[in-house]
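Starting off, we have a lone chain in the form predicted alone, written out as structure tokens.
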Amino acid sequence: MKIPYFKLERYFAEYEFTAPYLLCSSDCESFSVQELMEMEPGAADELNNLRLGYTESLGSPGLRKEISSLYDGIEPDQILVHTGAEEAIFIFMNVVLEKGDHVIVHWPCYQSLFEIANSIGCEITPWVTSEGDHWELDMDFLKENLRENTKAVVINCPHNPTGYILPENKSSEISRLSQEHGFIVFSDEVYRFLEYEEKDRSPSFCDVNDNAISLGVMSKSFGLAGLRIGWIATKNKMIYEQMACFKDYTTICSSAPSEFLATLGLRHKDQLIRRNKKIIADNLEVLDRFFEKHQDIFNWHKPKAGPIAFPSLADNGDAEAFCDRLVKKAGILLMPGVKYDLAYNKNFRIGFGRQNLPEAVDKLELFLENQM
């Protein structure tokens, strides 16, 4: 396979562990092992006695049971555990797509959601959203761009990087079109449960569409990125089995300690999510004040879910140059929009799931005073 460099990940590789202030992280504040152990009596002893052998390729029964509880109509044997969300995306596209297939992708997007399909030889149609339309998905565009060879439609909601939420009526319409035209919905739902208003949460696609694939991970909503545990949930038995067989050529199985800690975390999922939503809510108040103060410099469309947003420079300036100056002169890392697509050069991703955001914003204020 020949595939271009992953622009966003290469950018993080350069700065993530050297920049003092990460102001574009896509995850939530992590938990320590000790914090997890304290959630349940006896957990520490159980971890200490854990045998470090191979785990089940599909994922441990206990972990799959806990993951299935996140859905309304999914059983444990409809959960396939992966090493992070990235492996699941890679495997899905390699078993489902063939050269010449057509794929429509919610845009902007995490690069692997289209690049792997592109490397297979698929035709990609970006389902482009814009800041001026508050990142809304145009359903007429989808209907007009469906073809006989449309194999999959890739959706990401809550959305990376805009925080957009797909309304339930549009979710239902996508599912109806999937059943009518026969395409598969691949639904990236890694920020599910971080909706600011629970009434805005649409059903998971795998619960309402028998051919849909829903993607989840411990990294985002649960704040446990270091475990590298992701999964797909689906009622499509054929795709499930194909993905399970392909996984024998990638990671085979997950880390035993990671599965143990992920299972423990999910038993206390409400506590994890509640803490992360509190951090997000507090940080959003800081950002609202910051962007209100600097309306002459930035455009701010407050997201509806998740720990990231996609503001822009008010004068349509070069966000990549701005981000470059910021990290080199002040040690503050923002993600320029061109790492998603060149069309988003005035935008940048800001992350607010970490507890040190107020300090980072103070440093950003100083930079603006001295540089702008």
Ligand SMILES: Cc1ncc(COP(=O)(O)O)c(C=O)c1O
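Throughout, we count residues from 1 along the sequence that is shown. What you are looking at is a predicted structure, and each value in this text was computed from that prediction instead of being measured.
Missing here is the form predicted in complex with the ligand; even so, the following discussion is about that form.
Novice: Just to be sure I understand the contacts: of Ala212, Leu166, Met93, Val190, which is the one whose heavy atoms reach within 4.5 angstroms of the ligand in the predicted complex?
Specialist: It is Val190 that has a heavy atom within 4.5 Å of the partner.
Novice: Ok, Glu123, Glu86, Glu131, Asp207: which has a heavy atom sitting within 4.5 Å of the ligand in the predicted complex?
Specialist: Exactly one residue meets the criterion: Glu86.
Novice: Looking at the partner-bound form in the predicted complex, is Val217 within 4.5 Å of the ligand by any heavy atom?
Specialist: Yes, contact at 4.5 Å.
Novice: If we define contact as a non-hydrogen atom of the residue within 4.5 angstroms of the partner, is Asn160 a contact of the ligand in the predicted complex?
Specialist: Contact with the ligand, yes.
Novice: Evaluate Asn276 for contact with the ligand in the predicted complex, applying a 4.5 angstroms cut-off between non-hydrogen atoms, and reply yes or no.
Specialist: Because no heavy atom of Asn276 falls inside 4.5 Å of the ligand in the predicted complex, the answer is no.
Novice: Would you classify Ser26 as touching the ligand in the predicted complex, given a 4.5 Å non-hydrogen atom cut-off?
Specialist: Contact check for Ser26: yes, within 4.5 Å of the ligand in the predicted complex.
Novice: For the interface check, one of 143 to 151, 262 to 270, 182 to 190, 123 to 131 should have non-hydrogen atoms within 4.5 Å of the ligand in the predicted complex; which one?
Specialist: Correct option: 182 to 190.
Novice: Any chance Tyr110, Asn156 and Arg228 all have a heavy atom within 4.5 Å of the ligand in the predicted complex?
Specialist: Yes, all three are in contact.
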